[in-house]
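The data below hold one chain only, encoded as structure tokens and taken in the form predicted alone.
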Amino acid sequence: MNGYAGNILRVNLTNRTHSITPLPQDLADNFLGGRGFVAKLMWDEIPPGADPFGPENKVIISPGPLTGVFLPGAGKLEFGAKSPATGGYGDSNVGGHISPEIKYAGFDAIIIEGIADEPVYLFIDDFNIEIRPAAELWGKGALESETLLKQDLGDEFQIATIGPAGENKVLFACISHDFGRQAGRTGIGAVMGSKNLKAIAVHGTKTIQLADPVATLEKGKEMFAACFEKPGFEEWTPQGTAGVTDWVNEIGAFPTRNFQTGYFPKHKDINGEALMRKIKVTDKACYSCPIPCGKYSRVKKAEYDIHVEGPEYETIALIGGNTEIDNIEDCAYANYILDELGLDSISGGNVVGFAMECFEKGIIKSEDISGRSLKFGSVEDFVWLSQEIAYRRGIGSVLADGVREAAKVFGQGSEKFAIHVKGVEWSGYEARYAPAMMLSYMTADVGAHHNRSWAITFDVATGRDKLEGKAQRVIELQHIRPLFDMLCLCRLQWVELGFELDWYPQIFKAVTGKELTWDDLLAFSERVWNLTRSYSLREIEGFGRSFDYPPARFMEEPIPDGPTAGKYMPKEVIDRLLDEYYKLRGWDNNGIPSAAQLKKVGLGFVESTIAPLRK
């Protein structure tokens, strides 16, 4: 099967068994790989109503058909599980080097089920599969665990680990890899922890069958050369994603003080230039990447001496602006702490910012936190609370369930400034004056995550007061961007360099032998988008339009200062956006796909489950 390893590995942790079966042709033909395989296998394999932390939930891991091939950015990997954060569909994407290693070991998907009776890690060396004891790793940090496994197994093994947050089932625990890459969103690290699975170690020596090896090599060379020739190549690479900080702040979209505003006056102390000037050691890239967005940094102060990858933009936004930590050194230190604990830095900064506002408003009192304070701008408070969350100590146990659940406990109006959609905390763009970006967050299938549709540049280019065309553009991006997660390619070459999308059907043909247009490939993405929506409809009682609304702060509170002062997005505007979006999607007014739409995108098998939910 050209482009594929040809096998699925199933591991049962309960009875310590595994099996290897051929990759079904129809799965590859209809769902491509990566995110597509994750979505279809979750629908088929995880029984309706499964407890996210029960043995019936499964961690599904998949590279894509272009993973491990000589072309730019061919190193992405998709993790999926029923999300403990949302109760519905969950996935998360990571770069680094583990995805090609899984392909080289001979697998297009790994399905992990059951619960081990003690801490273990999964050892994969080609078809030599073992479930090994991990008691000595349990309780250790994610980075330390990776170091210890590398020392034991050798540098040729690629490792994914969880930290104490995953072990303690924090709902925004991440999976860590390559000393600074994370599958961060939706709490899949907590699902690994619930299975007593500390790590996955992979080494592979097999090859990938290509339809046309000569054409693949030549096309890959052309694609690399085209990246290097792009005008933005030399400009973008030195700072990586941190370089966008100034622009986001200048347009009033930089999350500040738990999204109270969109402008941070001290942004230049935490931006890409500050990173380069004060802490950057060198660039760091994922597999086969021509534009290394990772920045390997060191911070040495009297209080600490750490090495960390980053901070990248999302971490700068949610740790820096959102909790008002106003220097790059302390941002990097907080980043390191979250990485070692195994906490998603996006949700981590959001949750800590929420707690700081609760403290500021008297909802959390000093006596609730052992006489301490939780003040904006304090890295000491940030680190202390992050540790309390990871170990579920005191008030940290409440916050470990994320802002949606914590607000239900705290009450007193905190629900209005718990910044999330569907239970997943908002990432790094304040969107009260960006309707396409707002809609992107609202309708993202996993919760408030920017990677499904980064539409804020479209808002700026077309007019931020305009609603016309915004829903259509969001849908276009929700097909383009997740398609990269199905092919398991990095999208930054396209996003940051303007690398033409026409390249991808060409290399897809060389690798797989299948001649598909770009629109043909996008049809797979539309199919998967409707399937992930259907999965959450199946799993979450009452799921629909009400789950797509943003927090009340964005609909009721004008931005107090900065370039977007006075702006907010009233509910009637939100509803106009949703109405148009649902109509264009072929969904009803409650956001449920119609029978005709499911049939159109090749999901007729979903209809019997979804039909009873329509009114």
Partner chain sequence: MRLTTESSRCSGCKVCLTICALSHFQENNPKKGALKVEGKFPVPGVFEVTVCNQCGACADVCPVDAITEKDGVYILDRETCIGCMACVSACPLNVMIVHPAETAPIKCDNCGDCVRYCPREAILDADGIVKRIGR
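Small disclaimer: the values here were computed from a predicted structure and weren't measured. Numbering follows the first chain given and starts at 1.
What comes next is about the form predicted together with its partner chain, which is not displayed.
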TODO: Indicate whether D465 is a 4.5 Å heavy atom neighbour of its partner chain in the predicted bound form.
DONE: no
- [ ] Using a 4.5 Å heavy atom cut-off, state whether T147 contacts its partner chain in the predicted bound form.
- [x] yes
- [ ] Look up in the predicted bound form whether F127 has a non-hydrogen atom within 4.5 angstroms of its partner chain, and give yes or no.
- [x] no
Task: L217, heavy atom within 4.5 angstroms of its partner chain in the predicted bound form - done: yes
TODO: Tell me the stretch among 395 to 403, 221 to 229, 346 to 354, 518 to 526 that has any heavy atom within 4.5 angstroms of its partner chain in the predicted bound form.
DONE: 221 to 229
Task: Heavy atom distance at most 4.5 Å to its partner chain in the predicted bound form, all of T205, C289 and Y296 - done: yes
Task: Q158, S92, T241, N258 - the one with a heavy atom within 4.5 Å of its partner chain in the predicted bound form - done: Q158
TODO: Work out which of P213, G139, G413, G513 lies within 4.5 Å of its partner chain in the predicted bound form, going by heavy atoms.
DONE: P213
Task: Contact set, 60 to 99 vs its partner chain in the predicted bound form - heavy atom within 4.5 angstroms - done: G68, V69, F70, H97
